[in-house]
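Only one chain comes next, encoded as C-alpha cells, the form predicted alone.
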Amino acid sequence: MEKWYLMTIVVLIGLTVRWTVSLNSYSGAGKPPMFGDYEAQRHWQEITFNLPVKQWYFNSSDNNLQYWGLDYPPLTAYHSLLCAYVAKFINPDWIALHTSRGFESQAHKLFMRTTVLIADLLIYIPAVVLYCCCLKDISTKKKIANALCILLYPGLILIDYGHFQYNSVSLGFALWGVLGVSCDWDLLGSLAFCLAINYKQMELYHSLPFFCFLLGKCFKKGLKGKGFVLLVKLACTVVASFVLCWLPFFTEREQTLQVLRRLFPVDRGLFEDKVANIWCSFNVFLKIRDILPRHIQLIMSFCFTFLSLLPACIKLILQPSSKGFKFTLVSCALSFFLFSFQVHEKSILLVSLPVCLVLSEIPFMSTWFLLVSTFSLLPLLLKDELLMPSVVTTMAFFIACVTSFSIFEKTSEEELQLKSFSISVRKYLPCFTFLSRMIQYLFLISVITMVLLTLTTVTLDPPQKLPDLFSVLVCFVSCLNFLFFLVYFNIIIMWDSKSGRNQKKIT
C-alpha cells in the first residue's frame, strides 16, 4: 500500500513539473509566416478534419505541403483527427480550413498543452510506473526512485511541454513493447512496438533490437518446433497491425507511395539544422553535404550505421536476454542518431528512453548521458526561449539522480559494468588499473565544458562572421560525448558473458 502511495506522489511530481514547463513559450510563438512545431501540430488537426483521408499526404490548394505538410505515419494523423474533433467542439475557429493558419491564443495553448498531458497520462507514464514496479532484485524504495528520475528526465519534458510535440506517445508505445517482450508477452510487445512505428517512423531506431531479440527467442525455442510457431505468430501480428493502420492508404498504389515519400524525405539531405551527430560535426571541417552526391551520402550513412550496430545485434540474436536487449536498444539508437540519414536534434530522445531503462543498473553513466542529451538540445531550447525551464528541470533531475542512486559512489569497474573488459585488457596491459578514475575525470571535464558553453552561449554574442559558432560548438561537444558513450555501451554488450544471470531484469 505504501509503495503505491509513494508512486502516486512521484507521478504527481512528474505531472507538476510538466505542467509548470507548459506555462512557458513554445516553438514558433508569434513568429510568422511558418511559426513552428506547435503550429505544425495544429495544422495537422486542421487538415485531417477538413480534408478526406486520400488528400492528407498530397499537395493541393487546400493542403500546401510546403507549409507543415503531414510527414508522420497514419497513427499520428488519426491522433490529430481525434484532437481536431475535440477542438471543433470547443472552438471551430481553431481548425477552420485556411483561416486558422497561425492561430494563437491562451485558450488554444491551454487546449494543446492538455492534449499532450492526456496522451502522457494514458500511454507513457503508466508504462514507466509498470516498468519500474516490475524491476527485479532492487528494493521498493529504489523502484520508486527510478520512476521519479525517469519522469523528471528534462529532455522529454522540455521538447513535449516546452517546444511542443507528442514524443511521449511513440516512446510510451515503445516502452510498452519493451515490457511485453521482456515479460514473454511477445505478441503484445510486438503490437505495441508496431503502434510506436506507426506513430513516428523514427522508432525504426529501435526496430533492429526488437527484431533480433525476438528472432533470438525463436532460435532458442527451436525453429522446428515452438520457435517456428512463435515466428509465424509474430509475423502475423506485425502484418495485421500494419495493415490495420495503413488500410485507408492501401486503396491505391500511388496513395501508399506518397505516404512513404512523405515519411522518408531523402531530398532534404544528410542532416537538418544543427544536430549533434557525426555528419553535422564533420561538415564543419569538410562540407560533405555540398561535395558528395546525394546517393553517395545515402550509401555512406547506411554503411556507417549498419557496421556500427551489427556486432551488438549479432550478439543479441545469439544470446537473447532482457539485459542485452535493453543495452542493444541504447547502442542501436545511438548508432542511428550518430550516423544515419536525415537526423533531427530531437531524435536524441530515442536514445534517452532506453538509457532511462538502465538507470538503476549503471546510474552514474546513465545520468551523465541524460545530462548530455539535454545539453545537445540547447540551441533549439534557446530559440524557443526555454532557458530557465531547461536549467531548473536539469538541476532537479541531477539532484534526484544523485540523492536516489548516490551516483558518485557507483564508479567502480564493477558498478560501471566494465570489470570483464578491464580483466581482458589487463592480461596484455597489467598497468591498466586507472579506467574508473579516468571515467570520473572525463565526467568532470564533460560537465564543466557543458556549463561553460551554456554560460558563453547565453551571455556572449557570437562573432558576426561566425553567427552559428556557439550552436556548432554545442553540437560538436555533444557529438564527442555521444561517440564515447557508443564505445562504452558496446563494450558492456560485447564483454557481458552473464547475459542471463546477475542482472536486474524484468521477468
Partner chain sequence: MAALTIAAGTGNWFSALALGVTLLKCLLIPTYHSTDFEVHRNWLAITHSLPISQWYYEATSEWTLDYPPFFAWFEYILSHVAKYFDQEMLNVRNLNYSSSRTLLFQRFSVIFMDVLFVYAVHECCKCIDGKKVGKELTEKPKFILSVLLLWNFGLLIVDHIHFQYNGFLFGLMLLSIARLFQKRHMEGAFLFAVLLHFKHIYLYVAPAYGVYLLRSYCFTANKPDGSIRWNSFSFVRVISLGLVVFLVSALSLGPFLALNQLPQVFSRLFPFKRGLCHAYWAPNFWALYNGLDKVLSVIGLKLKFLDPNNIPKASMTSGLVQQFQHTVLPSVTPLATLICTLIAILPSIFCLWFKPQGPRGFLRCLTLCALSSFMFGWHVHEKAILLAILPMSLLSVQKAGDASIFLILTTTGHYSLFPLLFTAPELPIKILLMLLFTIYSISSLKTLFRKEKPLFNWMETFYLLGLGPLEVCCEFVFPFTSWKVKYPFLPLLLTSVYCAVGITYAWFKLYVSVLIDPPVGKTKKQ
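None of the values given here were measured: they were computed from a predicted structure. Numbering follows the first chain given and starts at 1.
Not pictured, yet referred to below: the form predicted together with the partner chain.
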Exercise: L444 in contact with the partner chain in the predicted bound form, heavy atom 4.5 Å
yes
In the predicted bound form, does F302 come within 4.5 Å of the partner chain, counting heavy atoms only?
no
Answer with yes or no whether N59 is in contact with the partner chain in the predicted bound form, where contact means some heavy atom within 4.5 Å.
no
Within 4.5 Å, heavy atoms only: does S406 come near the partner chain in the predicted bound form?
yes
Contact segment among 169-177, 385-393, 312-320, 71-79, judged by heavy atoms lying within 4.5 Å of the partner chain in the predicted bound form
385-393
In the predicted bound form, which of the listed residues (L135, A119, V402, L204) lies with a heavy atom within 4.5 Å of the partner chain?
V402
In the predicted bound form, does each residue in the set L191, V243 and F249 place a non-hydrogen atom within 4.5 angstroms of the partner chain?
no
Let me know which residues along 23-37 have a heavy atom within 4.5 Å of the partner chain in the predicted bound form, or say none if there are none.
L23, N24
